[in-house]
Structures are given as C-alpha cells and as structure tokens.
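Take a look at this one chain, the form predicted on its own, written out in structure tokens.
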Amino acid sequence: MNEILLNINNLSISSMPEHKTLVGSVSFSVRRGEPFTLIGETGCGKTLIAQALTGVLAKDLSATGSIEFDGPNLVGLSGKERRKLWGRRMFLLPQEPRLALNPTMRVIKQVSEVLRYLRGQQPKNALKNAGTLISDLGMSSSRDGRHYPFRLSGGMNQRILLAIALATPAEFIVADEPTKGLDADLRDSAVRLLQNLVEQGKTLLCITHDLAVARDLGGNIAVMYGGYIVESGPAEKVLDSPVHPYTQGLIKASPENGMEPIPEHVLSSMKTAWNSSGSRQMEACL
C-alpha cells in the first residue's frame, strides 16, 4: 500500500469576523499515486478545502487544524512559502479553465513555458515537447496549439490545463469540478484524462458533485454535507453500500437513478443535529 502524501486533520474553515463555521473538523488522507474524490452538492465546502490546501483562501476566511503535505503542516505557512509549492509539488485545475489561462498568449506557448521554467528545458525543446503533450491529448498542436484561449472551447482549454499539469513536475493534482458543464461524451473524456494523470504517477484529489465521476476514478472518496464529511471509504463500497442516510439519498437523487429527491426528514434531522452538537452533528444522524 502506498504511503500517505496528504493528511488533513481536523481542518476547520471560518469566515471572519463572524466566526461562522463553513467547514468543520474535516479529516482524511490521500495516498501517493492514488485518486481521492470529495463529493457533495454545491456549497458543501469542497472547494474551500482545495483553496485551504493550495493556499488561495480568501482573506476574510481562516483555517485551523492541520494540512500535512508530505510531512510539513501547510496551515500557517506564509504566502511566499506556499508559492514555492505551486507547479513544483502541487497543481490546481480550477473550475473555469479559460480564466486560468493567459488570454494574451497562444496556448502552446503557455505549456512550453512550464517546461522551460520548471523543468529547465531549452526553448526549442520545450516548444516541441509542449506540442507532443497537446497532441497526446487529442488536439492538433499545429492548429489548436497556435490559438489563444478565447478561440478554443471549454473542453479544449481544459485539455490545455491538463497538458500543463503533465508538464509540471508537480506530483499532486487538485481538480476542482473537472466535468462541470460538459456533456456525457466530454465528461467521459475528461475522466479518462484524469485517469491518465494517475497512470503517469500523479496523485489526484478530485472535487465533484458527479457520482459517476467518483465511481469511474475509483480509489477512496469522502461524501460532504454542510461543511462536514458524513461518510468515507473505498469508492465502490461507499457507492454500492452507503451507510449514511444522506449518502443513500444522494445516490438515489442521481440522474441514473431517477433523480429521486432526498427525503426532507433526512435533511431536517441533519440540520437539527448540526445546530445542537456542533462538529459532531453528522454522527448523530446515523
């Protein structure tokens, strides 16, 4: 079994100065070279965890607990120290690929710059290798690679970001809603690309509301509701034999299962437990 690369322990995220808890006492571990998926509905706190991990939390938010990445605790590190990890040890695939790319540069140039500055390749070799990465992801390096981001579709821009992820020496990839807004064919293609990252030796933390993505990626998953993890374990076990009422309801509410609404008594009981017992509210729902 692979060693643990990321260990998050009792991570809480609060808004300041209200001290309102947005993520409460979250704990999970990600093993090197394996996928891990955080799943839950919009607004449950998944992206906040990714932001705390990568060091891009908004200034009016604060994080407590520990985020141990290959040993050291990232919580409390300065922005300068965090930035040393970007691209070199970890890489974030954001929800909006086009906004993450430089609109004034051709995309092949953006991939080649990563190879130049993070891997030390000479400009000519970097450009050639960037073209190879783009071609390997099903795009034309000579045609698509010469475009600016605004000339490409959302799916193409996503592939360019995946090419950059492969170009970096970063071993840990955080993918935030990588299939958001994609049709079924593009969703399947995006999942295959994420699987390719893992096959290339990368460690993947995927954030999604799509149960099918979690199942296809495999590995371990954690289900979130209202800022807390309600259930976690191997993807196949959790999705085939869920224990928590919310996980059961989430699975029944998926399109492939008829989009049956989660029973109101399940949601109301969780809210009641949340109000009465703080960070232990989800345990009370079992």
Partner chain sequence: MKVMAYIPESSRLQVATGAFILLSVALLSMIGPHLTPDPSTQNLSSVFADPSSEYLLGSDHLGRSVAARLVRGGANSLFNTLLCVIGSVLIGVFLGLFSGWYGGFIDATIMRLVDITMSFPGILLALLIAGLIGGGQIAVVGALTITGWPDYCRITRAITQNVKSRPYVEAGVLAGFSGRFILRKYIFIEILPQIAVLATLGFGRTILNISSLGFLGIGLAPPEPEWGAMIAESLPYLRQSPYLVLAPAAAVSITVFSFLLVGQPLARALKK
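Residue numbers count along the first chain shown, from 1. From a predicted model like this one, the values you see are computed outputs, not experimental measurements. By rigid core we mean the largest C-alpha set that fits within 1.5 Å across both forms.
Omitted here: the form predicted together with the partner chain. The next part is about that form.
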Report task. Although the partner chain is absent from this view, report whether residue 216 comes within 4.5 Å of it in the model of the complex, heavy atoms only. Result -> no
Query raised in the report: Within a 4.5 Å heavy atom cut-off, is residue 150 in contact with the partner chain in the model of the complex?
Result: no
Report task. Consider residue 154 of the chain shown here, and say whether it contacts the partner chain in the model of the complex, taking contact as heavy atoms within 4.5 Å. Result -> no
**Report entry** Contact of residue 180 with the partner chain in the model of the complex (heavy atom, 4.5 Å)
**Finding:** no
Requested in this report: Go through 71, 103, 120, 201 and name the one with a heavy atom inside 4.5 Å of the partner chain in the model of the complex.
Outcome: 103
Query raised in the report: Tell me, which of 92, 133, 207, 126 has a heavy atom within 4.5 angstroms of the partner chain in the model of the complex?
Result: 92
Query - Which of 185-193, 134-142, 112-120, 72-80 lines the interface with the partner chain in the model of the complex (heavy atom within 4.5 Å) - result: 112-120
Query raised in the report: By the 2 angstroms cut-off, has the C-alpha of residue 148 moved between this form and the one not shown once the rigid core is superposed?
Result: yes
